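Have a look below at one chain only, the form predicted on its own, in structure tokens format.
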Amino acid sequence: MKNLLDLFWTFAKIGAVCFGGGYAMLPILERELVDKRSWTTNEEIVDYYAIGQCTPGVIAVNVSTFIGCKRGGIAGAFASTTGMVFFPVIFIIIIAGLMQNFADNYYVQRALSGIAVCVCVLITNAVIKLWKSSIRNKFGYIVFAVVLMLSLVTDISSGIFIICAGITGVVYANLKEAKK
């Protein structure tokens, strides 16, 4: 029971202070789960991000579910997921109730503009960290360039990119292994 409460409160605290969606939460998740608590490794969390991206739902919620399942099975997954969404749901209910009254307020609009810039910085930070831990060789740069180019000029789903990149990684590893 202590483990489940620890999972719930850890993810509740993360969910309470993270704004801007899943990608903005990634540096905080990494700091809390890898650096501070050692519940996972940098390599595992990158895998969780990738899987969380290609499964339905918010990436940070998906990562919390994966970590919870790893630490406490189905009950751990439920505790972590519930914790991650607990405060955001409360905040959304409050904001939805008040937004109609303040949506046109000059100060609210300026605050939201500032928050948007901050979220861009947090997302950029997450991209840089993922870049450093994911792209380690010429193959990674090629996959990155191809996916970036195709994502800019087509409307292909990100899920398709992830599946194709995964298949490409397996084929590349098998070919590399066969050469040895």
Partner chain sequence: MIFLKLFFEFFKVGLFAVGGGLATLPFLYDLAYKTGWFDAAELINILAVSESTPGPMGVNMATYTGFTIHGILGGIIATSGLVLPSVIICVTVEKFLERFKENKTVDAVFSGLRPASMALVTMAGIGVITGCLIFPDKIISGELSAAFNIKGIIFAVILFLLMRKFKAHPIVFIAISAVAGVLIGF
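By rigid core we mean the largest C-alpha set that fits within 1.5 Å across both forms. Since the model is a prediction, treat every value here as computed from it, not as a measurement. Residue numbers count along the first chain shown, from 1.
A second form of this protein, the form predicted together with its partner chain, is not displayed here; the remarks below concern that form.
Undergrad: Wondering, does residue 40 line up within 4.5 Å of its partner chain in the predicted complex on heavy atoms?
TA: No, residue 40 sits far enough from its partner chain in the predicted complex that none of its heavy atoms falls within 4.5 Å.
Undergrad: Please determine whether residue 34 contacts its partner chain in the predicted complex, using a 4.5 Å cut-off between heavy atoms.
TA: No, residue 34 stays farther than 4.5 Å from its partner chain in the predicted complex.
Undergrad: Heavy atom to heavy atom, is residue 5 within 4.5 Å of its partner chain in the predicted complex?
TA: Outside the cut-off, so no.
Undergrad: Only counting heavy atoms and a 4.5 Å limit, does any residue of 123 to 139 reach its partner chain in the predicted complex, and if so which ones?
TA: 123, 124, 125, 127, 128, 130, 131, 133, 134, 135, 136, 139, in sequence order.
Undergrad: Has the Cα of residue 46 moved 2 Å or more between this form and the one not shown, judged after a core fit?
TA: False for residue 46: its C-alpha shift is below 2 Å.
Undergrad: Any chance the CA of residue 168 moves 2 angstroms or more between this form and the one not shown, core superposed?
TA: No: residue 168 shifts by under 2 Å between this form and the one not shown.
Undergrad: Would you say residue 132 moves its Cα by 2 Å or more between this form and the one not shown, aligning on the core?
TA: It does shift by 2 Å or more.
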